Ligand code: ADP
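Consider the single chain below, provided in structure tokens and representing the form predicted on its own.
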């Protein structure tokens, strides 16, 4: 929650009371706070903006998020995703934005060696993460589900704006659609004349401009091991902050083993490596969303290697041994909360940095 303190001063010169009062009212209006809270994409969301003419722009942004959900949902019967999955190799004509988001997802997939994969949906279903009926599959079941995956099965005909899925593949945009929704919400707010806003889509935070007083937005990073506490804070403007981790959604089997919802496309098992969470800081929320999943799948060493070679974003890694790794661009923007100040942040540099 962000509070703006407005100092009041007594006015003694009668001739200037009208002018100063008018300026004060204008200042108050420019800092007026409006907020909408709602549920979408299986999470509670909040949009906060300052200086708007009521809640109309925020409701427009909320409606845009819900539109994106209807378009890309894997479970919504009339969504493009549901129609595409049903059409299989015959394919369907898709909206232009659907093609563009597919291309962005595949770009991250190819650059990360398949660590992010839209076609992992059959495996997610097998584990029960889409239905809530959790189970640990046997090797045969997992092998058969994996045979249905592979980003190469997504066939694009960009000229005719058609997509087909080979080999009974199915797609799920759950790892990128929320980021796209955040970007679309900010675009709606910008067009409405909003210049100061923050969109919180449950782990996906996107900011527009600065706070009304010109200061940076503060975005807290949750402690994955004590999820009711925050271990650090980022100060940003015009940036998206997206966090992925195994603590978000998981189940514990009859043997007491914990299985998280982020699947490694290489073997079909929930990720188990040296990472607790990954936070990506990027100008665009869409790419940040996909990258947060991909870096989590890669593990700390490969994630750092990827950033060193492709570092057009910033990143924070929290490791299972209590380590905190952050990229150099966050040196003056990321700090630990008071209870965690005993930890050391290891800042890494990109290739070619002095």
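Residue numbers count along the first chain shown, from 1. Here the structure is a predicted model, which is why all the values come from computation and not from measurement.
What follows is about the form predicted together with ligand ADP, which we do not show.
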query = For residue 116, is any heavy atom within 4.5 Å of ligand ADP in the predicted bound form, or not?
reply = yes
key: Exercise: residue 265 in contact with ligand ADP in the predicted bound form, heavy atom 4.5 Å   = yes
query = Counting only non-hydrogen atoms and a 4.5 angstroms cut-off, does residue 124 reach ligand ADP in the predicted bound form?
reply = yes
message = Taking ligand ADP as it sits in the predicted bound form, is residue 285 near enough to touch it, meaning that at least one heavy atom pair lies within 4.5 angstroms?
response = no
Among 61-69, 32-40, 313-321, 287-295, the region lying within 4.5 Å of ligand ADP in the predicted bound form by heavy atom distance = 287-295
query = Does every residue of 120, 174 and 178 put a non-hydrogen atom within 4.5 angstroms of ligand ADP in the predicted bound form?
reply = yes
remark   = In this chain shown alone, the residue from 81, 277, 204, 149 with a heavy atom within 4.5 Å of ligand ADP in the predicted bound form is 204
query = Though ligand ADP is not shown, can you say which of 261, 184, 162, 153 has a heavy atom within 4.5 Å of it in the predicted bound form?
reply = 261
key: Stretch 219-236 - residues with a heavy atom within 4.5 Å of ligand ADP in the predicted bound form   = none
